[in-house]
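Before any questions on binding or motion, here is one chain by itself as structure tokens, the form predicted on its own.
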Amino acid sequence: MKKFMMLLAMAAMTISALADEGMWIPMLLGRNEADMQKAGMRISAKDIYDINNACLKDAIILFNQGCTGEYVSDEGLFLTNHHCGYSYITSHSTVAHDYLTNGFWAMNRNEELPCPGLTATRLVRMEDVTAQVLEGVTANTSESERAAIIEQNIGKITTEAVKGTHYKAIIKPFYYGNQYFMYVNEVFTDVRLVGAPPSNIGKFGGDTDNWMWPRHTGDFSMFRVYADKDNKPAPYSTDNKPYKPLKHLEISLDGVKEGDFTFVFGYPGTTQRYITSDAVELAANIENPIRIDLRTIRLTHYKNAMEQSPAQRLKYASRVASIANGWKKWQGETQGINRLKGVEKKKDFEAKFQQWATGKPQYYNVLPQLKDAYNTLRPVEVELTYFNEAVMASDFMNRTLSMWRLADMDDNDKIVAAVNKMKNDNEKYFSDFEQHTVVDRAIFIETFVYMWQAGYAPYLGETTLSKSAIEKKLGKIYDESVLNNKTKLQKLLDKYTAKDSKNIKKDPAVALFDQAYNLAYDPQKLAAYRKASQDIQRLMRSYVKGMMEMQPDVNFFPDANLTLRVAYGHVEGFRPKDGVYYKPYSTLQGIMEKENPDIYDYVVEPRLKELYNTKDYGRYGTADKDMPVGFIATNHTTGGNSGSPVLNADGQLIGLNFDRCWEGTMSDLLFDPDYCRNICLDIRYCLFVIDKFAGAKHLVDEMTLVGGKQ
């Protein structure tokens, strides 16, 4: 272990030749400092992360459990993406007060809207606790024993770390469990919506432009954190005061130009940079096509429904955004991996590793054993993909799942709780049953038919049967289930006891779900699947360790795991295909060029058009009367980085990260500096919308603006 920790330190002190790739641990950023400054950074690593003094990390928050935000005032005001705040904007929206469509701006503190369940988490400090976590683990410790020892050690370490404080601590593994870091956090629960642009700005371009460049989306929303009288986290209360952060970001109005140094500071979610060719092949060319096809079915029906009325649009907007995000990303990921010949490149490296491992018994059998494990895992993984994307595609099957679980309950208290929840859910479901059932029924039938045609729903009948016969069978199940008969369902739930479970199991929908579940989650297959997964985790720990020994001059960054990281690069355009060059910035002119009043995603707000026509950009426009909207850079980002601040060489806010270019979405698995670009909202457009478009200048006045036209 000591030898390996020295290897980690040596590797981290040597800069990789892979330009701009990497998501670096803030606590260890001193090792990258010289390279960052050579690239153009004018601040120090301690300005970014310092355990003893307020620094940039104190201005960064984990927004709920999947996005990033940043404080922009000393009164708890923070920015994140519109798509990160989307569900909270939607939750406050009604047909009468449609904040999603029309936008929302709190003109005073009393108008700010509470968001129950939303959290904002600040990192207090982090610590390498590898030695403590692995205490008691030896080379002869089995995987199950290892897991138990680690779990016990983590419990002790985290309990001790936050004793006597209001903080919370978590420990996460790095390099597949070769290293462990502890994160001590401060979690705020009184978070309120302050502002959001209308969807025609915050989601301009919709799913068509998602993952694409050039981009013209004003993807931001604003929230405020509140704290108690001692500036500590507290549940929502009218007595709470705006939180006073240790640090808030200065905002630069100087803008960006090609070649400028930038860095992103946020919470990237998941990358798998070191996986083998078998894993890449499984993701890109087996799972992704299944997911894409099945989500296309759902999106087609939801989008058709959304065009029918404003109420239907509101009903499905958040759902469509969630489904479409992965749907489009997977398409770009597969295309990028195949363009790069990613599977072949992985195989080439594995051949070199195997040659290097000759005579090294601790590594020589790692890759062959990984291949065996993936051969076991692959067929079950495919079945689970079909279950998740087809069986669980409809609301009907999700409601059936609740009924199926109820039928297996024998504890009276659990039965009462489950029945009450189902009653509440049914009230919402049947309030829009007539319209929704048309959409949901079609999704249920089409996704099951797709799975049946692929040979993964044998319980529906032989694939030699006609498609129309299977559709008729599925339609009958949908129509005859008690779940779609409000009167019968209410009667059943009103008198339900454990004795009624037999009747539930006879319901055609419950019977169908039971068949689908038992096929996908067959205990024997799952046992083999779990063992293969555990083997992969164990073997990857050895594989990554071996890779580091094989390449001591390479700077290995740990895969993203929703912990605070720094990625750095430069503002730079790229060539997605022959004869095409994308400039690294976009302007308001592009919005006017995309305008199409007949397509909802490309409707331009009248006020925005007025400001464009009069060039009334205030201090946010450029000297030549352009209004910047977005820019791209070579920073290595992924999901979770949404809302992350994009900072300049002086650590000042110049934009919000919100997407990646479609051609580079394979960066979770393979990074290509020629194609991988993160897409950023230019902070000047954000301020322009708040001030000139929305008339909410009081919010800009809270911020610290520097540079530009004052």
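Residue indices: 1-based, along the sequence shown. Note that the rigid core is defined as the largest set of C-alphas that superpose within 1.5 Å between two forms. These numbers were taken from a predicted model, which means no experiment stands behind them.
One more form of this protein should be noted, the form predicted together with ligand ARG, which is absent from this view; the next part is about it.
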Answer option from Asn484, Thr385, Asn325, Asn240, heavy atom within 4.5 Å of ligand ARG in the model of the complex:
Asn325
From Glu287, Asp559, Asp207, Glu127: within 4.5 Å of ligand ARG in the model of the complex by heavy atoms is Asp207
Go through 654-662, 44-52, 680-688, 24-32 and give me the stretch that gets within 4.5 Å of ligand ARG in the model of the complex, heavy atoms only.
654-662
Decide whether Tyr99 counts as a contact residue for ligand ARG in the model of the complex under a heavy atom distance cut-off of 4.5 Å.
no
Does at least one non-hydrogen atom of Met306 fall within 4.5 angstroms of ligand ARG in the model of the complex?
no
With the partner left out of view, is Ala321 within 4.5 angstroms of ligand ARG in the model of the complex by any non-hydrogen atom?
yes
Would you classify His83 as touching ligand ARG in the model of the complex, given a 4.5 Å non-hydrogen atom cut-off?
yes
Lys203, Trp211 and Ser642 all contacting ligand ARG in the model of the complex, non-hydrogen atom within 4.5 Å:
yes
Rigid core fit then Val184 CA moved by 2 Å or more between the shown form and the other one:
no
Is Leu299 among the residues whose Cα moves by 2 Å or more between the shown form and the other one after superposition of the rigid core?
yes
